[in-house]
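In structure tokens, one chain follows: the form predicted on its own.
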């Protein structure tokens, strides 16, 4: 709902770059994760394949069943599980502690933990969630894992959570088929917008497209799409779906419709006599198959789907092929552009 550039633009209205540098870095981590996965789509596909295998292998695993139902007997984990299920949110520190205990102490498959989070988090994001779990597991950066420490948990929870079990001091042995493949070359998404009637389709991964894409062309119609079948396929909880639906409704024009499948979008495009549909390029993840179905459905009517990438993502994604600290060098120039845009409003 709030893209990185909008958040940081608001931050820079009241804080200097230096005083807000830590917060700026944290926000830019989300762009880094999305860019990293965008450059390596096979990592998501491998995760989905491995998840299916782990789910089948562990479907009768008592430890797994008890932890996802807040009945593990570990008070802290059960409290966090309950909070996640009830609110759809966990603090970032808690997410790291939880993943570390899940992987290294309880020796449960990281894929199942990532899946559990993705199904319940209101801000669930294929890149940030999957790659953060891989990072904790030690799969993202060779030789680096994250091991939760009881002293750290006690300090940042003000002593509310004691651990009834000793935490792992060494990383678990992770068996995985995943590899960090060579980054691909990103599509430019510079196809010209044809003259005629153009409609905007908004998806949940970039609701801000209502603003930045609408400014790029003359639109005759706007609609949204929430892929319910895909949500069901990935087990996304109803609370999360409703949250995203409410967010989309709050940002779309009052009379704009929200569709749940490519077929309905094609019917809308036909009814509106559109010559093309423009949309923000969906990131790697749940939309992988959907975008192909959407393009096919519209192609059957002689229509094209024109994808665009916001300048913020286009600026950062190509630099996400390696580590964050190399990528971080691009932050100052992006912030300068935000400031210039605000000044020229």
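Note that the coordinates shown come from a computational prediction; the quantities given were computed from them, not determined experimentally. Numbering follows the first chain given and starts at 1.
Not pictured, yet referred to below: the form predicted in complex with a small molecule.
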item	value
Contact flag, residue 104 vs the small molecule in the model of the complex, heavy atom cut 4.5 Å	no
Any non-hydrogen atom of residue 96 within 4.5 angstroms of the small molecule in the model of the complex	yes
Non-hydrogen atom contact residue 117 with the small molecule in the model of the complex at 4.5 angstroms	yes
Close approach of residue 29 to the small molecule in the model of the complex, 4.5 Å, heavy atom	yes
Among 228-236, 163-171, 246-254, 131-139, the region lying within 4.5 Å of the small molecule in the model of the complex by heavy atom distance	131-139
Answer option from 240, 219, 258, 90, heavy atom within 4.5 Å of the small molecule in the model of the complex	90
Selected contact from 267, 86, 123, 191, since only one has a non-hydrogen atom within 4.5 angstroms of the small molecule in the model of the complex	123
